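Taken one at a time, structure 1 and structure 2 that follow are two forms of one protein chain, written as structure tokens.
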Structure 1
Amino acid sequence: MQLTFDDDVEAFRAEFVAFLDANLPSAEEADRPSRSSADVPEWARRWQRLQFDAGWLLPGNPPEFGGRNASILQQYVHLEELSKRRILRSFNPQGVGIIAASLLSFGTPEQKRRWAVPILRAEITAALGMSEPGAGSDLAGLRTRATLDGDHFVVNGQKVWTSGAHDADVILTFVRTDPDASKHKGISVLLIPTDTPGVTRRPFGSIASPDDLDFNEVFFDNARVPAENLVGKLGGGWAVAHGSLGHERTLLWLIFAERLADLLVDFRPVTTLDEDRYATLVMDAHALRWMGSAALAREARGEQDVPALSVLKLFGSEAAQAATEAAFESAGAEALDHPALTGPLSHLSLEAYVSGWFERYARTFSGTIAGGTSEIQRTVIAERVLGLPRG
């Protein structure tokens, strides 16, 4: 157990802080905000590429994948500095955190070069195509079909919720390649470029606004995808899904940790009851970081413990939701219109952070729904952490 960091870690932090001071895009440079989770404006692409090339995007990675082989504690202070300043590394978080990460775990060397590196360098952006109208919590019930025809897969079916798909260059798409195999065994994963003929994307509004376009329906109508775009083994999609969900839950709990840190600043308790709820937030923020540090250490050692990540995902999302509701209520009727306090570099944080308390509260439900709902996480914890029987 460690509370403070050794000199080498503090030196690493100082180096990163110096990099940030020298290179953070200014507010003037940031001429327009990002509109969706795969819409990365030019200035933000330059920013992400700069981090990649300097080995600061994912410091734990080797240099060829945007890192510098940093130790676990070094990665920790890196995240801490980003969080302190409310800085997003990438405006295509799924691309970097889930899709590129999955390709680095399951992709061929060629796929890493052709897709993962460009995603990490913000040359292209990516979306995650798992959910379907009939397959939400029951992901393995997905029905989008891919049939091998010579050196191509022919894809037919529909995805939904696909965040940022209309702005993405490629979708990591979970498809059924063997309808006769058991539910989990007939699934494979394809990288489908969005300019493939037969791919149609239809964005639709979120609870925040009809103009808040992040969700998409994606239709595949005889879309022909090169067989070399198969990620992992044919029929091995469930293993990739499992890995991707692990990456997604890591990405998510880290986001929740940042949200809690932001709330500690933005939520200013007024009444004694507010203070009581604020205290819960203080505890949750500390506990999530502390619990999460063990998960990061496991990940740095290459250990996979996806069920344990469910604990962080469930706890973090519900803590952020409760604290945001407390802040909303504390603001009284002002919450109907009051813009949230923002950090000094709001252009480097998510749009949600510049919205009012009402919107921020509504948006906390993305945390308890996306990436496996809270109910699903509870079941995962009961069965796979505590060993209760399935049924």
Structure 2
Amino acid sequence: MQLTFDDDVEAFRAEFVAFLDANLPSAEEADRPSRSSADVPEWARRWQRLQFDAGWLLPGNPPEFGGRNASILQQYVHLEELSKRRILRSFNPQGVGIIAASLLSFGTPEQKRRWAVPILRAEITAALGMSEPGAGSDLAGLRTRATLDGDHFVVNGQKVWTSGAHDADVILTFVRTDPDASKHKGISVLLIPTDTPGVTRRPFGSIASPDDLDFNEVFFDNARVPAENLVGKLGGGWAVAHGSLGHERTLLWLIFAERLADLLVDFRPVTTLDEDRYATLVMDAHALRWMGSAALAREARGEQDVPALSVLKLFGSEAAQAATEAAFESAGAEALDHPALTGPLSHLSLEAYVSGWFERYARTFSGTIAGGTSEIQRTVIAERVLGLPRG
């Protein structure tokens, strides 16, 4: 199967390719890499602002928010061209893809001006404060409290796994504002600047390395946050959460398709068993492209099927994990070399994507967790796709 596009979509692609050819930062300009998912070096900030101003940062947005009102098919070819060149559109992916998008959907005009546009233009960076100890994938189980006191909320509690928080300027934070309401209805969302007194951020290493500092614990100790920083309605945090994840999931399968495409080049099978597992990788890569393209075509016709996105996310994340494990095992003892490179390095992407095989494999577990765990995806598929009764 081959996905083809009308002339207007191919013209859109050609215009974007010309923009990339004329404006991509050189390796010499990229004088330092990003240190976390909210650390955007100055050269990368300039590159992101250029994309925003030209309407190429998020083409589906209106021009005032870094886009050009692009169709879903135009957004697809935009991401496809970035993927071909191993280019990140932003080194603050959650800030651009989830937080700013949530503000554009649920924020006030002032919040869009004060927070969303600066995030999109890389003037500030943002982190997402959802997970807590004991409430990782269970957002309804969060216990961080926010009590309204005059024109401020007083926030107390803890977040964990907060990517890039130590480098972020603001955290989109999910808090419990009504402890007497049902678990899903007592949640609200606050924008909390990280320099607020009472906010403490503690980065910690990952499974890849103790020096890989992206994850954070974030503590709130009587942190006073202006009531005007409430995003959406009081008690309306569940809707914002689903909107946030919806922004993340629409074309999320493309990330896994890109990882599989990289593995097709980087995985070098040695034994007959390796060759069999490589053949599985080839079939999975084609299957994900086929299913994703079919979903894309449906959406282009206005036939939205949100639960079916769980199928793509589940299959893509687990296929990428299985293929990376196969490449890791095939490499033998050399797979444990760290640091190491197992693919071509691009200054416009992250070294983690082409690092040693152990690190590449270890990082695949985030794909089966972030954006909704595999267990949650299976539940969604069972109940909303297959129509099975709730257990």
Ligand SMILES: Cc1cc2nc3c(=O)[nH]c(=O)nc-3n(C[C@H](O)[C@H](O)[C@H](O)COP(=O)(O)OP(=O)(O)OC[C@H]3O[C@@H](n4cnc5c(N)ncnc54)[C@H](O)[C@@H]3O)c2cc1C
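Being a predicted model, the structure only gives us computed values, none of them experimental. Whichever C-alpha set is largest while still superposing within 1.5 Å between the two forms counts as the rigid core. For residue numbers, the reference is structure 1: its sequence is counted from 1.
Only structure 1 is derived from the form predicted in complex with this ligand.
When two forms of a protein are overlaid on their rigid core, residues whose CA moves 2 Å or more are considered shifted, and Y278 is one of them between structure 1 and structure 2. With the core held fixed, L309 shows a CA shift of 2 Å or greater between structure 1 and structure 2. Remark: with the core as the superposition reference, the CA shift of P62 between structure 1 and structure 2 stays below 2 Å.
Core-based alignment between structure 1 and structure 2 gives a C-alpha movement of 2.8 Å at G332.
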